[in-house]
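Just one chain follows, in the form predicted alone, and it is written as C-alpha cells.
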Amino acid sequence: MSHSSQVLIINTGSSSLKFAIVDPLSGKEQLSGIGEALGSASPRMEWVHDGVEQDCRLDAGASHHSVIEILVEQILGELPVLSEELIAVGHRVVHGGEYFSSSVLIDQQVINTIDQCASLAPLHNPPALKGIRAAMDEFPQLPQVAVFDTAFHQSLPEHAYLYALPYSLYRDQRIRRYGMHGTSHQFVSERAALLLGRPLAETNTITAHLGNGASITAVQGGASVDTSMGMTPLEGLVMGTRCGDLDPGVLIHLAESLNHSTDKLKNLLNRESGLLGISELSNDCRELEQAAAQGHHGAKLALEIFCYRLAKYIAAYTLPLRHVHALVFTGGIGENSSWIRERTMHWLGALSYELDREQNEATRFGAEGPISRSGTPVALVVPTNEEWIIARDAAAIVTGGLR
C-alpha cells in the first residue's frame, strides 16, 4: 500500500455527520468536515482542506445523505486527485454487541446485525446505518468497512463483563457490559507503549477518555480487561449530561413515587444529569471551571464529583493490572483541562501519584507527554486519534496488510 492511499471516514450522529480523509500509514488528515443540525430548519456544513475553511447552508430538512452528496459532487469534485486515492470507506459504529470482536467488511448480513444491535445503542446505531447506506449509494465502487466502539472490549473476561443478574438474562437477552470508546482506548494505549519505549504486549495502562461522554479502561498487554461503560454508554464515570454509576433503586423510586415514565427516565439520565445536572449551569467543562473560579458552588461541586469518581475508578483498575506502567488522559477534557488532571491526581495521592505542575500546564491543545513528577507513577497526556484507527483497520481489511 502506498502513501497515496487514503480512507474516507464517516462518523454519524443523530443529527450530524462527520467526515475525514485520512492516510492510514501516517494518520494525517487530508480533509475533514461536518454536517450539523441535519433534519432541522437550518442545517449547515463546514470543511477544512489544506488549512482553508469553507462552509455552506443546506436546504431545510437536509439529511445525512445530503452531506455525502455534497462531499462527492462539490468537495471531491474539486479535488479529483484526492478522490482517486480513496481505497475504502471506514464507518464508526458504536455497538456491535457480541457479534464483532474486530472490524469487518460490510455486507447485507453485517447491516442486519448492526440493526439488531440498535436496541443496545438506539441513539447511535440507526444513524450509523444511514451513513453506511448513503456511502454505499455514493461510493458504490469502494469497499465499506465497519469499525466498532465495542470491539476492543470483547477481550473482557466473564467476571468483568457479567452483571449479578439472573444468568438467563445474559443467556437469552445478552445483557452484559460491552464498553465504548474502544478505538480511542486502543489508540492511546498503543501510543503510550511507544512513548514509554515498551513492547505493547508488556505494557499495562489505565486509559481515561474524558469528554462529554467519558469512560475508563484497564488495558493489559494491548487488550481491554475492564471498562467503565456498560451495556449502554450510561454506566461508569460522571459525564457531560449522563449520570454514570447510579443505585438502580433510584429509578424504581422515581417510577413509583413520581410516576416517571421510561421515556422521562431515559431523558433524565442521558440529557439532564452529569455535570449539567449537578451544576445546574452547563455540561461544558470550560464554562464550569470559569464559574468555579468565580465561586459558583454548583460548578465547583460538579467538577469535584467528576474528579473524585474518576480517581476511584483509576484506583480500582490497578486491581486487574497489578502493575500499571502509565495512567493516560485523553479526550477533549483529558487532553485540555489541566485543572481536572491536577484535581484527579490530588485524589490519587494514596497511590503515590505526584503532579509536575509546569508539565501539566504545558501539556494541552494537542501536546503529548508526561505530567507526573520524575520518579513517581507515570501519568501521560496522549491526544486520541480514533480516525486513524478506523483508517488503519479499513486499509488492513481491503489490502490484507498494515495490521
Ligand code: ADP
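Predicted model, so just to flag it, every value in this text is computed and none were measured. Start at 1 and count along the sequence shown; that's the residue number.
Although it is not shown, the form predicted in complex with adenosine-5'-diphosphate is what the next lines describe.
For the chain shown here without its partner, which stretch in 123-131, 257-265, 151-159, 283-291 has non-hydrogen atoms within 4.5 angstroms of adenosine-5'-diphosphate in the model of the complex? Looking at the other structure, the answer is 283-291.
**Report entry** Among the candidates G244, G277, G331, G97, the residue which, in the model of the complex, approaches adenosine-5'-diphosphate to within 4.5 Å (heavy atoms)
**Finding:** Contact check passes for G331.
Scan R364, H49, R373, R44 and let me know which has any heavy atom within 4.5 Å of adenosine-5'-diphosphate in the model of the complex.
Only one listed residue qualifies here, and that residue is R364.
Is there a heavy atom of S66 no more than 4.5 Å from a heavy atom of adenosine-5'-diphosphate in the model of the complex?
-> Taking the distances in the model of the complex, the answer for S66 is no, it never comes within 4.5 Å of adenosine-5'-diphosphate.
Quick check on G211: any heavy atom within 4.5 Å of adenosine-5'-diphosphate in the model of the complex?
It does: once adenosine-5'-diphosphate is placed as it appears in the model of the complex, G211 has a heavy atom within 4.5 Å of it.
Practice task
Considering only heavy atoms, tell me if N360 and adenosine-5'-diphosphate come within 4.5 Å of each other in the model of the complex.
Solution key: Contact with adenosine-5'-diphosphate, no.
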